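Form predicted alone, single chain, as structure tokens, below.
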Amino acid sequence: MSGRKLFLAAAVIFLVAAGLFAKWILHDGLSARATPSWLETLAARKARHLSIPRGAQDQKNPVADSAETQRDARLHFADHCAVCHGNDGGGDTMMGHGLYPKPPDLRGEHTQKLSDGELFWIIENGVRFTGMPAFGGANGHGSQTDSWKLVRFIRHLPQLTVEERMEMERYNPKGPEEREEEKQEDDFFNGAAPQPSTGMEHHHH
């Protein structure tokens, strides 16, 4: 077989293989409901590991673990992170189910075996091409100390108690209807009389 035929045969094989690979990667089209294949998951984990600077991977947590640290981090997590990750870190949330790839189970081996420095770097910088935002820097929602506290809490997630999870539920973000319902419940239990409707709330003159 001539060199030209060999080249054409190799080109055809490459194109067919590329097409099959693209079809495998883009299973279910571009739907965010799809579940990543094992190859995508493996490649993503490897890319994440390689993207974190060595200096960051080796960083030690400067925040000591304590009951106060855990509570601060627990309530911070409930307010900022649980909408995707869930209070227990399992990712079983409406927002989590709508992401591609899905949030990892923070209690699982693949997260828990990351170094403290890697966890801190991910919290601060986010993960590109996923739903994980960067919480550090000028546009972040907390200080580096908050991020280091979150690392301590992530380590604690496999041992999270029912009482701790129930406390977190009170700090989860709530919509207007939930807040109004809570206010009515508080008023009821505190003996406050319900405010009568004037019938004028929705009339403008």
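Don't overthink the numbering: it's just position in the shown sequence, from 1. Just so we're clear, the structure is a prediction, and the values are computed from it rather than from any experiment.
Although not depicted, the form predicted together with a small molecule is the subject of the following passage.
* **Contact of residue 111 with the small molecule in the predicted bound form (heavy atom, 4.5 Å)** => Contact check for residue 111: yes, within 4.5 Å of the small molecule in the predicted bound form.
* So in the predicted bound form, does any heavy atom of residue 103 sit within 4.5 Å of the small molecule? -> It does: once the small molecule is placed as it appears in the predicted bound form, residue 103 has a heavy atom within 4.5 Å of it.
* Although the small molecule is absent from this view, report whether residue 90 comes within 4.5 Å of it in the predicted bound form, heavy atoms only. => Because no heavy atom of residue 90 falls inside 4.5 Å of the small molecule in the predicted bound form, the answer is no.
* With the cut-off set at 4.5 Å between non-hydrogen atoms, does residue 45 touch the small molecule in the predicted bound form? -> Yes, residue 45 sits close enough to the small molecule in the predicted bound form that at least one of its heavy atoms falls within 4.5 Å.
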